[in-house]
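Single chain ahead, by itself, as structure tokens, in the form predicted alone.
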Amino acid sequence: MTATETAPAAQAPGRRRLLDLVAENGVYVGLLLLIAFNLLFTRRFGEIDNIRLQFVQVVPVAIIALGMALVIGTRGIDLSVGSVMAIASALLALYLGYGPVVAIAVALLGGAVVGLVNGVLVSVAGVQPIVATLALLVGGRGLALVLARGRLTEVFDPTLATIGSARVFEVPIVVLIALAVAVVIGILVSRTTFGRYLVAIGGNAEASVLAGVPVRRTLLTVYILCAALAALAGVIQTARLSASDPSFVGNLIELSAITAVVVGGTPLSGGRIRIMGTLAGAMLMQLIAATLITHNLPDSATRMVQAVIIVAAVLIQRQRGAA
């Protein structure tokens, strides 16, 4: 065997380790570099009020990304999360007259119903996840506009105002809600049979069926959970804005959520779910948007950067699998 024949074999383990390192820790490195950049070049970035604001603004993306991570872990996708946010916002304003508890419950239930439809289309009808959820992306936004009669509605309620702006020991309530959701999802994924089912289905759905895993029921539950979390994000966003605007709430948030999940190390090929990586990815997306806006770049630049990041993350994952 010649030296040229042994060189690729010798380089392969090193290349695989490098790809593993980037896939596992790249999001944390990127986050630290972006924080360092802002501390050096962005005025008032390190102030407590600004740090608190960044955490508050990332909450909707983080909550949705956690639900998206479950779906992607099963080798699926949910493009309807932004529309679910809009539906929840419209329902919240529509039923607020019955009291905040009823309105929030109806909003969450509305989101769960959309998730049920997605789950049935995917797990029972056999429709590809991207097609099923794309249909709900379009139809859901239209339904939200119908519910809201196509206009912005101001929302005045002490309970919602407390949710949207109050703090506990100087920590915003919405941030505490997001942390609670992250803990619950983390336990669900790592400590329960349901979490093992998710990973098994994402790894090999056919083998999971043969092994007795309730694939349909699990997928149905996953899409319901994802949509319910999107509805929760819609409630939080409405509470923060004190207004319901279905044409704006959740617009293009699915891109940020998917990017956060993939950059955080959850592969689009399924079979693995990274909760901490997803949260770090969500914060990375938030800081990218905040940095570009602070330095007078348009919002469209944020979308382009996100697109480049998700393509790079997917390419790294493919190379990692081939190495």
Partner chain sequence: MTAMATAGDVGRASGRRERVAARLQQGGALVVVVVVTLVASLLFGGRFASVDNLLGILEASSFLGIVAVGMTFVIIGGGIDLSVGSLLALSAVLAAFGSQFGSVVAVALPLGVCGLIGLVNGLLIARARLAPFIVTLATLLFARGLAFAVSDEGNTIFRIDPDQAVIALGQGSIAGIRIPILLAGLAFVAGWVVLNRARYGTAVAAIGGNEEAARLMGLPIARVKAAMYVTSGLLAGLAGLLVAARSSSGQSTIGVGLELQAIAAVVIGGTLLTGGFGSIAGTLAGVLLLNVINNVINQVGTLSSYFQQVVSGVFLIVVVLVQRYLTREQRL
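Predicted model only: the values in this text are computed from it and were never measured. Positions refer to the first chain, counted from 1.
This protein has a second form, the form predicted in complex with its partner chain, left out of what is shown; the following refers to that one.
Engineer: Pick from 30-38, 46-54, 251-259, 59-67: which stretch has a heavy atom within 4.5 Å of its partner chain in the predicted complex?
Structural biologist: Checking each option against the 4.5 Å cut-off leaves 251-259.
Engineer: Give a yes or no for residue 17: in the predicted complex, does one of its heavy atoms lie within 4.5 Å of a heavy atom belonging to its partner chain?
Structural biologist: Although its partner chain is absent here, residue 17 would stay clear of it in the predicted complex, with no heavy atoms inside 4.5 Å.
Engineer: Might residue 162 be said to contact its partner chain in the predicted complex, defining contact as any heavy atom within 4.5 Å?
Structural biologist: Heavy-atom contact with its partner chain at 4.5 Å: absent for residue 162.
Engineer: So, residue 126 and its partner chain: in the predicted complex, are they within 4.5 Å at any heavy atom pair?
Structural biologist: Taking the distances in the predicted complex, the answer for residue 126 is yes, it comes within 4.5 Å of its partner chain.
Engineer: So, in the predicted complex, is residue 240 in contact with its partner chain at a 4.5 angstroms heavy atom limit?
Structural biologist: Answer no; every heavy atom of residue 240 is more than 4.5 Å from its partner chain in the predicted complex.
Engineer: Are all three residues 134, 303 and 315 in contact with its partner chain in the predicted complex, where contact means a non-hydrogen atom within 4.5 Å?
Structural biologist: Checking in the predicted complex: 134, 303 and 315 are all within 4.5 Å of its partner chain.
Engineer: Would you kindly say which of 166, 130, 116, 105 lies with a heavy atom within 4.5 Å of its partner chain in the predicted complex?
Structural biologist: Contact residue from the list: 130.
Engineer: Work out which of 94, 143, 181, 112 lies within 4.5 Å of its partner chain in the predicted complex, going by heavy atoms.
Structural biologist: Partner contact (heavy atom, 4.5 Å) among the options: 143.
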